[in-house]
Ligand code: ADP
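In structure tokens, the next block holds one chain alone, the form predicted on its own.
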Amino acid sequence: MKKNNKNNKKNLNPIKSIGSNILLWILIVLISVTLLEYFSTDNKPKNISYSEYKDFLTTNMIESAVIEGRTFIGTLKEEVLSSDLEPNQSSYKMFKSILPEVSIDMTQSWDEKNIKYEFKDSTPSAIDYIFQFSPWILILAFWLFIMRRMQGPGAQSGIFGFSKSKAKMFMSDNPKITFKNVAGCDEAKAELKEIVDFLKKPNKYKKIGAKIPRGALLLGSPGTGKTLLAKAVSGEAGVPFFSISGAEFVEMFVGVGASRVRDLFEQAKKNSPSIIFIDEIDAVGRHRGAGLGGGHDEREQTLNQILVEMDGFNSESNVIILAATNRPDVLDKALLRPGRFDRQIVVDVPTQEGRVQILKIHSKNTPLSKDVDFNVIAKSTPGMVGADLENLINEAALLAARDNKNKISMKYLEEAKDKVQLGVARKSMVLNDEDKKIIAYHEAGHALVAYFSKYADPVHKITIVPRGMALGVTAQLPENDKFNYSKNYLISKLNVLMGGRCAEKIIFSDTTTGAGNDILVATDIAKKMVCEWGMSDKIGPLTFGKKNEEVFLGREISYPKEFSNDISKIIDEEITTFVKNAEKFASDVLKKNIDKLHAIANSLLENETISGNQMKDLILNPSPSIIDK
């Protein structure tokens, strides 16, 4: 059956092209006829008055005539045309005049003048109708052409094709993406392999009475590989794969979204076993009842139709629906109940080993030098997802090509990593000596406090070269992947954030706007420690203040106050205490190690960038001379 469907689809394309060519030639002919009709003056009779006709008849100037109804179409004699005529009579051979009536006396006068005449039926022929209505036909054809173009290149044919699904169908003969092309999410792959096995061997599960999940929802941060996993499922199973974005369901016309959902599921059932993949399903799957009026909008109709179609699947359909989102908190609960999206598969940020495998996959077709060690790169890129690592490899390749190199070395990978993590170095930004000195001491303050904070992440690199939006950067990298954060770790983070500002106060007896982002981040961390994570001894293990819920999610627009004014005052005091204590700690560390602060700052002014190991050498031996120039 599948082969026949493919052959039919292939045969339809020539028919469509032939139909399009015929339509094109008809339009060309109509345009040509219309232009000839309106602009050709050679054979068109000249309209004259009845008085002029009588003059021609009296002076015996008419040779022949055709009478259609009361219309007299006459032809002038050749000898008359060659003689001197009035200027307005010399530009035409044929003329046309409307007679008051056609009588026997009139025909006798034509006979007397030896005029050859004949009568024709005044009913217009088919060609006359074409000539008459060709402008309107052209206008209609042009309107149809515009309507089809407005539907986009992927739209179905026909004027009402916008109600059809815009899902792209990928067949098994397309270039395959399999689980070999996916790394860093082994648990998610294991869950999806069961779905693949069902699509390949459905009877194995039916015999034992097992039911495959109707749908699987892929959850994860942007770039973790949710779409790639769905394509891998299709490639492994070798079945038709219908891919569509949630935003493509909703249009300006009422009911189009629901119509497209029906059409999509109908196509999937016809091609079963098959897979439907809806990317960014939160575009149509948000909580119902959104808006101040709680109205039933177009998006809700589309969601309702999806819910109905997923319930309508029978056990024989063999259609699996996959969906991806990075906002599971906004999805309607009806989507997540058993019988619809039975499984919620988390596609998490890859671990260090996962990052190594991802880097190997993306560098498969890239020439690498022998000094490349992906373990080093993976260790220094915590939190990066598959899309980030792919971009890192691409940036390294661009940097190597810029230097006319044939292979990517470790140098280019490190440079690309800094570019992705810290931002593009703005070497063209010229800073005066005073600004450079302030930035150097600011970054040295961060680094020194990080070194003396027991639970802080190690310093990886310090630079006073402006990168991205920052004038200087102190990069810290954890020794291992972190999935949980302790109170001591967060306090150390506050200490480091206050280090730059304290260094400015100690050295220059002043502060600058450079610490603005540090203060913002520190305040946010302290607020979460008190209000969300229960890390305040005075407040205890309580949560205060709901997260902001937007009206468009279908939540309430106002909330009752959950705590008293006294508690609010204590919360403010505790947030201030955390930040103030961090400032005091940073200030004490810098004052006790002022010589080390000077050494790091001077080295930064001399070299612009130093590594974490170079910083340690400076702290153990406060002399900038050990820094390699």
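These figures come from a predicted structure and were not determined experimentally. All residue numbers are counted from 1 along the displayed sequence.
Keep in mind that the form predicted together with the ligand is not shown, yet the notes after this line are about it.
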property	result
Exercise: Thr227 in contact with the ligand in the predicted complex, heavy atom 4.5 Å	yes
In the predicted complex, Ala141 touching the ligand (heavy atom, 4.5 Å)	no
Val449 within 4.5 Å of the ligand in the predicted complex, heavy atoms	no
The ligand contact in the predicted complex: Gly209, any heavy atom under 4.5 Å	no
Candidate stretches 508 to 516, 103 to 111, 355 to 363, 493 to 501, one within 4.5 Å of the ligand in the predicted complex by heavy atom	355 to 363
Candidate from Pro328, Gly223, Pro213, Gly235 lying within 4.5 Å of the ligand in the predicted complex - any heavy atom	Gly223
The unique member of Gly472, Gly285, Gly257, Gly386 whose heavy atoms fall within 4.5 Å of the ligand in the predicted complex	Gly386
In the predicted complex: members of 180 to 200 within 4.5 Å of the ligand, any heavy atom	Asn181, Val182, Ala183, Cys185
